[in-house]
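Below, in structure tokens: the form predicted alone, a single chain.
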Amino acid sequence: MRLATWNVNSLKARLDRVLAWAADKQPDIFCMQETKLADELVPLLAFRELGYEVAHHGLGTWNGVGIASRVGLDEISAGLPSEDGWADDGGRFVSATCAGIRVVSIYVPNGRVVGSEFYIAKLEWLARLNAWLRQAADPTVPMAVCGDFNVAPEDIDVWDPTAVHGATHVSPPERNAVARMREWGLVDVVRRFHPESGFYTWWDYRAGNFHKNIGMRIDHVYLTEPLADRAVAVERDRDARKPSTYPGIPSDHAPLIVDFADAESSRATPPAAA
């Protein structure tokens, strides 16, 4: 099974590129963020032609998250659940069960400036996500939380820690919120396979930052241990960020791809040595 996640930075503007990439890479489950579409405008037929069903949560213009699956799409939940009437600002959380795996596609608020109302809202959203994990999820069953976290968890995840010190995406409260997700039982599967520096997923469009590798690792695939144990490979597709690889203009993010052994293979006992 293959799982992918990608902040597409407008599905409307980059539909040809997204479809061509999906046809090329063949993910079974494809999480998308920043689709910038209302639910009724999602091009369901175009995805259906590639064999995908789509669950989507978006209000149009900004935000928007989706899950495209060709291995089933059940128990869809749109919007970060809350018991006290709090709203998640729309279009930042959608979940579904695909092939027995609970899959969550998230787009965490940017935060803009530390201390601003947008930053406070970001911390609130992350706190709500952690509360949902504790109350409604189970770290002992297969689950994937994928998407644009808008947080670089460690200094190794930014091109120059001194240049971004004190800014959003790297502030201690944001990093602590993501660390609590790991403490709850989620595994940063990308780091398990790629401990090296310079492994970024986002680069500003300006000043040739992509070619200089001036970027951040803010897109993540977090898995519960039973699913992380099945992971056999992790890829960051830099080619999808290049202008010439696929039709249309690129997103400022690169997709992440995780390949898994099937559940039976991962549980199999290795043969004894001769």
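Everything numeric in this text was worked out from a predicted model, so none of it was measured. Sequential numbering from 1, following the sequence displayed.
Same protein, other form: the form predicted in complex with the DNA, not shown, and the subject of what follows.
Out of the listed residues K36, R230, R70, R236, K36 is the one that sits within 4.5 Å of the DNA in the model of the complex by at least one heavy atom.
Contact with the DNA in the model of the complex, judged by any heavy atom within 4.5 Å, is made by just one of W132, Y119, W125, W202: W202. Proximity of N209 to the DNA in the model of the complex: non-hydrogen atoms within 4.5 Å are present. Put simply, K12 is close to the DNA in the model of the complex: some heavy atom of it is within 4.5 Å. At the 4.5 Å threshold, heavy atoms of G166 reach the DNA in the model of the complex. Among residues of the shown chain, S105 is not one whose heavy atoms approach the DNA to within 4.5 Å in the model of the complex.
Only one of 107-115, 133-141, 184-192, 79-87 lies within 4.5 Å of the DNA in the model of the complex by heavy atoms, and it is 107-115. Residues from 147-162 that approach the DNA in the model of the complex with a non-hydrogen atom closer than or equal to 4.5 Å are D148, N150, W159, in the order they occur in the chain.
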